[in-house]
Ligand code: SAJ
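The form predicted alone is given below as one chain in structure tokens.
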């Protein structure tokens, strides 16, 4: 049996995937309300295929509890935020989970950390915790790092088809963990050491962050000299070895917007390009606010309450708001004592900010200008709904004449 610790965006679908493929699973989370919801037969966030996977997992006997189980294998999938001042990882959720595992696990149990961690986290934080209990890694507890590699909106497919990395002190233990993941994973599974696995995951997301930063900086350059960044990117991408991404209002989610900071925090004198890319991407919400102000002045809009932000999530067609550019923009406006701007997102059902609408038509009726921050299918497939509005399209999805862009 596997005890999976943390039933959020990574832990829950992972637990369901294991269980639906015949592996005994107990999912543990400290959040009793979340556990009660799962035990009542309901998933806790929206994701394509998740409800069907949940049904299969329940048929195979998955259990949910707030308690840690005594078993031989644990998978820890808890949050790993970073300290915004030092840029270093906050490993407290991981170490607390490890302590709770130690309280109940038998000798020789394997602890797999799925949470994304900075290179050296196991050595700096996890091993010392184990040693504090008078235990030895490799004897009393086997450590493994198996970082997740999935994206909201396509989690179920990617869990099954993406390749994976298993980092282990002991190759034999790594192979045993690989067997577990092979129960559902059809992609290649590479077994390596823990530190390589830690670095590989962070490098993957840092690579993507740097590419996005190039597109965003290009957008700023082109705007400064009245050039069309989208046409330039389209033409440049016809070169067989060029693939420039599209600029956007910022970078959100728990991976790309966070993981590169781990490297900046741990290697401050070396991670210069990485730091600059992070700063460029973090600057985009403020840049969009500047564009909104310019367009308001150009069109004689003096009241910010006549402006509406479309999209609260960090990417299209999901309900995940972690580190979303829209929330970053709202925080920036609060710092400047600006208020009244309206917000709407079809995927965010609960109220998380002021002036949030849940009816699209009412939202449109109450604004003169719409800022498209997320390319949800609702607006991508029906741009004509915005006819008559002043539009700032930060996602380049609206092809109508007169639309403002980054």
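Positions refer to the first chain, counted from 1. No experiment lies behind these values; they were computed from the predicted model shown.
FYI, the form predicted in complex with the ligand isn't displayed, but the following is about it.
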Tell me which of 171-179, 97-105, 67-75, 196-204 has residues with heavy atoms within 4.5 angstroms of the ligand in the predicted complex? 196-204
Would you mind picking the one in 191, 150, 263, 185 that has a heavy atom within 4.5 Å of the ligand in the predicted complex? 150
Just give me the single entry in 124, 220, 306, 208 that has a non-hydrogen atom within 4.5 angstroms of the ligand in the predicted complex. 208
4.5 angstroms heavy atom contact with the ligand in the predicted complex for residue 252: yes
Answer with yes or no whether residue 310 is in contact with the ligand in the predicted complex, where contact means some heavy atom within 4.5 Å. no
My question is simply whether residue 274 lines the interface with the ligand in the predicted complex - judged by any non-hydrogen atom within 4.5 Å. no
Exercise: residue 92 in contact with the ligand in the predicted complex, heavy atom 4.5 Å: no
Within 4.5 Å of the ligand in the predicted complex, counting any non-hydrogen atom, which residues from 294-323 show up? 314, 315
